[in-house]
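There is one chain below, alone, in structure tokens, taken in the form predicted alone.
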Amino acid sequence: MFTNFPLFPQQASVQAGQVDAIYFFVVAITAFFSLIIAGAIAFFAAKYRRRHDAEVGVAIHGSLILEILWSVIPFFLTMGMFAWGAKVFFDLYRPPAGAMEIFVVGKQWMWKIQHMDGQREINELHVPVGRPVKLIMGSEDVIHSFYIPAFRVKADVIPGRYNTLWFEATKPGTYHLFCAEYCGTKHSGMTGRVVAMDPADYQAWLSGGSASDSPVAAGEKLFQDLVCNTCHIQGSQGRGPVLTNLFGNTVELQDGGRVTADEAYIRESIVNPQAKIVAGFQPIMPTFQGLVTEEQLLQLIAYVRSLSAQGTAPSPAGTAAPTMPQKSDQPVQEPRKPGR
């Protein structure tokens, strides 16, 4: 009977068991105390009800022991749930080192996905079983939410910033993928599927796909097409900072601050280059807001990452969108526009 109508999605990731355990614990605690409170109300309402109009209740003087018990017991229970929930939260949002990275872009009303070898998908995500997968996600328009019920993972995909999500599938199969944030008139149709495959089958699927540039190769080509290489010269100082070994390192800013060059910083530097000016450079870099898509921004970031020794290592879970290098102390010239 319950095979065709399961109460909960199957557990298909390493995170699923942790999430379900704390969920059922909270439900059990809630049900336990709800029954006790409801039972006590019913019992005392019946036992101490007024039996005739002249009946007067007896004055009650509180119990210190009872007051302490119903304060201390809930305190330790809630603190235990908080500590357990915090551990599960950090486990869910800290991808392990060496996780396979995939780019995801949300757009009304579809999911556009690109693997690091160039393989592209729409509303489908193929992943290997037994290997951590880290999704680097951005939105082209409104807030979306990437949700895989069987994996017990969900993360908002927000325009103007990057978010990450990771999981590790534990068994082959096809699982539902939803947008869990109302994003417009066709929100209900923004669905897809995640296909978890044995590693050998996944490699066969990758090799059987249509040829496409990897994000790094596409980013390098775009970097040249936008004439970025005329300012950010590899191996020597130009009007902009050298990008080699930039990713993952600390950048000194003109205002005396410091920032880590992660995905969010690089993205902001492309779309809003005046936000964080690198020390020793002039704010002459033009904005590329509206000139490149979110997908192209991810490709540019992949290229910049590839120039660093740390570029192949998993980056910190990005959230807000900080910046990238500006231009130098050499005489200020009119900013180049793409194609000029």
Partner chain sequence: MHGVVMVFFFLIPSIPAVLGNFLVPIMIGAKDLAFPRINLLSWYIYVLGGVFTLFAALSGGVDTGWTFYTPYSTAASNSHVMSAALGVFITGFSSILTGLNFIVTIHRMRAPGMTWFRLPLFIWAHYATSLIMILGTPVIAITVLMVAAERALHLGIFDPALGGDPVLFQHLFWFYSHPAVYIMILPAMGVISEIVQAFSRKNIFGYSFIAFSSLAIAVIGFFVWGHHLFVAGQSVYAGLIFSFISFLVAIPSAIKVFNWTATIYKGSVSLDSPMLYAFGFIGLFTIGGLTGLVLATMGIDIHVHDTYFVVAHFHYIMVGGAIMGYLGGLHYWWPKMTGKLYSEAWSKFSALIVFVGFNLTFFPQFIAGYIGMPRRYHAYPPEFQVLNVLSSAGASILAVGYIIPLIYFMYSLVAGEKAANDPWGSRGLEWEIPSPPPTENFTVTPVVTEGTHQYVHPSQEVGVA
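Positions refer to the first chain, counted from 1. As the structure is a computational prediction, the values presented were derived from the model and not from experiment. Under this definition, the rigid core comprises the largest set of C-alpha atoms superposing within 1.5 Å between the forms.
Form predicted together with the partner chain: not shown, discussed below.
Colleague: Any of the heavy atoms of residue 75 lying within 4.5 Å of the partner chain in the model of the complex?
Modeller: Yes.
Colleague: Just to confirm, residue 14 within 4.5 Å of the partner chain in the model of the complex by heavy atoms?
Modeller: No - in the model of the complex, heavy atoms of residue 14 and the partner chain never come within 4.5 Å of each other.
Colleague: Should residue 134 be counted as a contact of the partner chain in the model of the complex, where contact means heavy atoms within 4.5 Å?
Modeller: No, residue 134 sits far enough from the partner chain in the model of the complex that none of its heavy atoms falls within 4.5 Å.
Colleague: Test of understanding: in the model of the complex, would residue 232 fall inside 4.5 Å of the partner chain by heavy atoms?
Modeller: Residue 232 lies outside the contact set for the partner chain.
Colleague: Among the candidate stretches 145-153, 216-224, 193-201, 122-130, which one is within 4.5 Å of the partner chain in the model of the complex when only heavy atoms are counted?
Modeller: After filtering at 4.5 Å, what remains is 145-153.
Colleague: Looking at 206, 110, 158, 251 here, can you tell me which has any non-hydrogen atom within 4.5 angstroms of the partner chain in the model of the complex?
Modeller: Contact check passes for 158.
Colleague: Residue by residue through 164-183, tell me which have a non-hydrogen atom within 4.5 angstroms of the partner chain in the model of the complex.
Modeller: If the 4.5 Å heavy-atom criterion is applied to the partner chain in the model of the complex, 164-183 yields 176, 178, 179, 180, 181, 182, 183.
Colleague: Checking residue 62 here: with the core superposed, does its CA move 2 Å or more between the shown form and the other one?
Modeller: Result for residue 62: yes, a 2 Å-plus shift.
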